[in-house]
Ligand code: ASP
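So this first bit is one chain, no partners, the form predicted on its own, shown in structure tokens.
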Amino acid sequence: MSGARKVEERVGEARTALVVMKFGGTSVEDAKAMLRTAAIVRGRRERGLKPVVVVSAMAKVTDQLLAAGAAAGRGDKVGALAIAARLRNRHLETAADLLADDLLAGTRTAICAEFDALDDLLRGIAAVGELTPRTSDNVVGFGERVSSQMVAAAFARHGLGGAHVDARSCIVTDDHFGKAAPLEAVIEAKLTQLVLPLVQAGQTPVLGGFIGATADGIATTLGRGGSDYTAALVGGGLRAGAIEIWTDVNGIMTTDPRICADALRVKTISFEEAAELAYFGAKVLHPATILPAVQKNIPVWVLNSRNAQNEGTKITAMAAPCASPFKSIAVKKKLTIIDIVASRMLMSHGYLKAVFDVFDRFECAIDMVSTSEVSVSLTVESHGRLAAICTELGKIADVKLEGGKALICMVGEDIRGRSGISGRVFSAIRHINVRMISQGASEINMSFMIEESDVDEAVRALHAEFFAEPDPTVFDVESRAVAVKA
């Protein structure tokens, strides 16, 4: 066998055993959580797997960085630097709890260097009195830049071969600051060049999630929740055997356990179903996480770092057969219905295009659309741009807003092909006013709009109707039985 062929086979073996593990903010929120993360990674290595780790910023750090940037943008240099000082102290205290003397000095130096750079950046923003999207991306990325260095040092201390990799050197994006689009072919080449050799050498690479850079090295971010996206991009680029999203819940649930105490863990779900749930309010994973994994047919696991023995939820390309019509109920709140009425123009050529062009110009996503003979009703997230959007729409139609709405999304395989489902759904919530309905546009999604104040009651009624006798092959019925006995 030629030397080149042997190298190719070794690379293939490394990729098959490779597992990308993403740990969210609560999984790295303090020294105790980071040590728990190290133990989970050790367990994977002991099973012969080769982890690549992606970490978020420590819990709440991103919000505080946003606050610091906003303060600096208002010219409040003192307030911005005070927030940065508190973050510096928190990271230094965590490093002291986490590391022994031989690694602490170097990590302290690295942390201080990062926060010195942040302080300089905040002073510059305050002097100018303006926070641009480009500068905001730079500010908010410091959380992942620091947390990834700390976690890599912790792994090194505990014999896991931790090796820090600056994600900005691998996750190459366009310059759409705030929600940059990844350049996947370039990312794959960078990962193969910078990360794969570390894996082959027996080390554990650690990257910060959420952050990237343009080809010119300008810092960008993938948008809120983008650490999941980073994990999927790394998994896809390295053609990993699996991607694991470690959170603080046991996986994807049949609904929010805070609403229904008897919510069940979903054992397995399809990529398509998980993407629908993620987009329509399920907070367990980022919607874009699904895409790179689907393209490479890489299974994604959603797991709990505080309960590592739990099997979690496996997300695969195809849905498993399920006797229950629905897999989960998601809720998306803080929505507004916009009614657009133009009786003489609705059927005229180009009218609907003109309406949707307005939303395109404001980069405003639409969740649901319904049309009648003289009007178009659609739903969007409630935000500060609505006034400007309505002003533009007012040039071509009469516009009316209804805020305080919520979208209930019920996801399951082949809903369209099951007779009687709509009757059961709306019978279960017959005492609740439904404002808009979307059924038939998707085979796996039935959605409708209600008042936010009715959400909990609607979800409980629907959960009782459709998950009273769940399919044990798809849902964790055993846990419900144990809870009842207790």
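Every value quoted in this text rests on a predicted model; they were computed, and no experiment measured them. Numbers for residues come from their place in the sequence shown, where the first is 1.
Not on display, but discussed next: the form predicted in complex with ligand ASP.
- A heavy atom within 4.5 Å of ligand ASP in the predicted bound form is found for exactly one of Gly106, Gly225, Gly79, Gly178: Gly225.
- A single residue from the set Phe142, Phe155, Phe210, Phe326 has any heavy atom within 4.5 angstroms of ligand ASP in the predicted bound form; that residue is Phe210.
- Note on the interface: of 421-429, 34-42, 55-63, 446-454, the segment with non-hydrogen atoms within 4.5 angstroms of ligand ASP in the predicted bound form is 55-63.
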